[in-house]
Structures are given as structure tokens and as C-alpha cells.
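Below sits a lone chain in C-alpha cells, taken as the form predicted on its own.
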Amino acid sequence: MKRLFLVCLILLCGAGVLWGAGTKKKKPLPQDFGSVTISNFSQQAGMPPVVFDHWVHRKNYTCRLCHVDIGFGMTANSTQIRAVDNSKRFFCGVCHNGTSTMNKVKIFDACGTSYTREEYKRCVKCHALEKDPAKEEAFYRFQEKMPRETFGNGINWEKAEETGQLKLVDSLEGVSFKKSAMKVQKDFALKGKVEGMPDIIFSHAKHTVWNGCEVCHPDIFVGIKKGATKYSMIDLFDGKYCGVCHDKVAFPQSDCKRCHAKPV
């Protein structure tokens, strides 16, 4: 156990060196973990940027639905969303259209086509200068009901889905197409490269619940055979491969034991 702790400490220190080479980021509060600032066109329109909270959407929808069927990019501001796109029912407007519902509650309409006082009230639901205490309180009320974990936003999303506490929507009428069922690959081990570090147990089943196959292959992992894609922890901490999601929305890579789970 001591050896595992030391190995984790060395890896985390290495990650700290990498992060220190760029802009130093402050550790986000639980309710802010996974939040993304969208600011492509807001300033030109005289509006504050949008702060997108992943947890609000993740509790209802799979990652695959938004990032594959609807077409959101995997990095902040890569989608180039405009208000006119939303008003034409693309991107956010697919669900935020004033008629769609979630759990029998109507989802508020997204961007309008005019800038009246009434329209502005709708704009500031997403374009906000200050943090909303009501949203923060809603997060902690939700968190209290969920299985807990130490890192990230303190919620074990994997367990919440497994136990049925989350019922994820993976398709939308008029947007998603019917897919043929695919055989889910068995779990497999990836050899730890540092002495004393347990092997990684990778589960396709746990990932495909949220991502399908399309989120990871071929854009993130080109190869589909074990060992076809070569990478290191430096790559992951640099936001590549597993690091595309982990540290940003999925649990942080600082939680070594979540992946390095095979006994030595």
C-alpha cells in the first residue's frame, strides 16, 4: 500500500510540473467541476459568456447523445454555437425549444430572434455574469441523493447509473437513428508501466453505457485492438486519450485506484 501511495505521488507531482508549465488552474469547487465556458460570439453580441454545467445535463442524458447525435465538439468552444443555430433547433435548441420535456417538466426555450426585455430574461438563464446561488443549492440537493466519491464533484456517476438512480436518455426522436446492437467487449487489463503500480482494468461495458463506441472511436482512439494506440500518463495529463474526458468531466486521473485496480 505504501508503494502504491508513493507511485501515485510521483505521478501527481509529474502532472503538477506539466500543469505548472502552462496556466495554473485553481481546483474547481464540486458544483463547478465539469463546467465549460462558451464564449465564441457572446462578446460581439454584448452578452456575457455561457457557463455550461455538465452535471445538470449528465444526470438525464448520455454523453453520446449530445456529442454524437446532436454534434457538440469534445473541447470547449470547438462547436462555434451561435444564437441563430439554437433558434433554428440545432445544438442547444434541439432540446431547448419550448416544447420538449424532461420528467414531465417543460425545458425552457433557448435563444430568441429579438432582444426585447422579455427575451433578455430568457438569455440570462445561460448568459450570466454572476454565479446563481439557486443553481449551487440545486447541485448539493442532487449530490446528497447520489453515491459519493472523493474526487471531482463528489458523485460516483458510474454507480448511480448501475443502481438505477439515473435513467439516462440515449436517443431523441427526429435526431437519433436506430443503431444495430453491438457485442460489448470483455474487460481487459493494461500493464502498469511503473513497478508497484497495479494494472489498469478497462471496462468497455462501463464506458459504452455513457459513450457508445462512437465517442471514443475513431476520434480519440484510432485503433480498436488492444495495444494499437500507444500513449503515456504524460499524454493523459496533457488532455489526450483518456484525458479528453477525465479531469474535465469524468472523475480526475488523480484518483489512481479507480483505473489501477488489479492487485499486484
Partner chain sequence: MNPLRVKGVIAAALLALALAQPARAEQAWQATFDETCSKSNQAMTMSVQELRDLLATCDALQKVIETQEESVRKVYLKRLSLCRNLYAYMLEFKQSNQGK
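Worth saying up front: this structure is predicted, and the values here are computed from it rather than measured. Numbering follows the first chain given and starts at 1.
The same protein also has a form predicted in complex with its partner chain, omitted here; what follows describes it.
Stretch-level contact check against its partner chain in the model of the complex with heavy atoms at 4.5 Å: of 215-223, 194-202, 51-59, 234-242, the positive one is 215-223. F90 belongs to the set of residues with a heavy atom inside 4.5 Å of its partner chain in the model of the complex. Under a 4.5 angstroms non-hydrogen atom cutoff, its partner chain in the model of the complex lacks K167 among its neighbouring residues. Contact check for F139: every heavy atom lies farther than 4.5 Å from its partner chain in the model of the complex. Proximity of D132 to its partner chain in the model of the complex falls outside the 4.5 Å heavy atom cutoff. Of the residues I38, M47, I70, V209, just one reaches its partner chain in the model of the complex with a heavy atom at 4.5 Å or closer; this is I70.
A heavy atom within 4.5 Å of its partner chain in the model of the complex is found for one listed residue only; from T150, N77, S100, Q185, this is Q185. In this stretch, 235-257, not one residue has a heavy atom within 4.5 Å of its partner chain in the model of the complex; the partner itself is omitted from this view.
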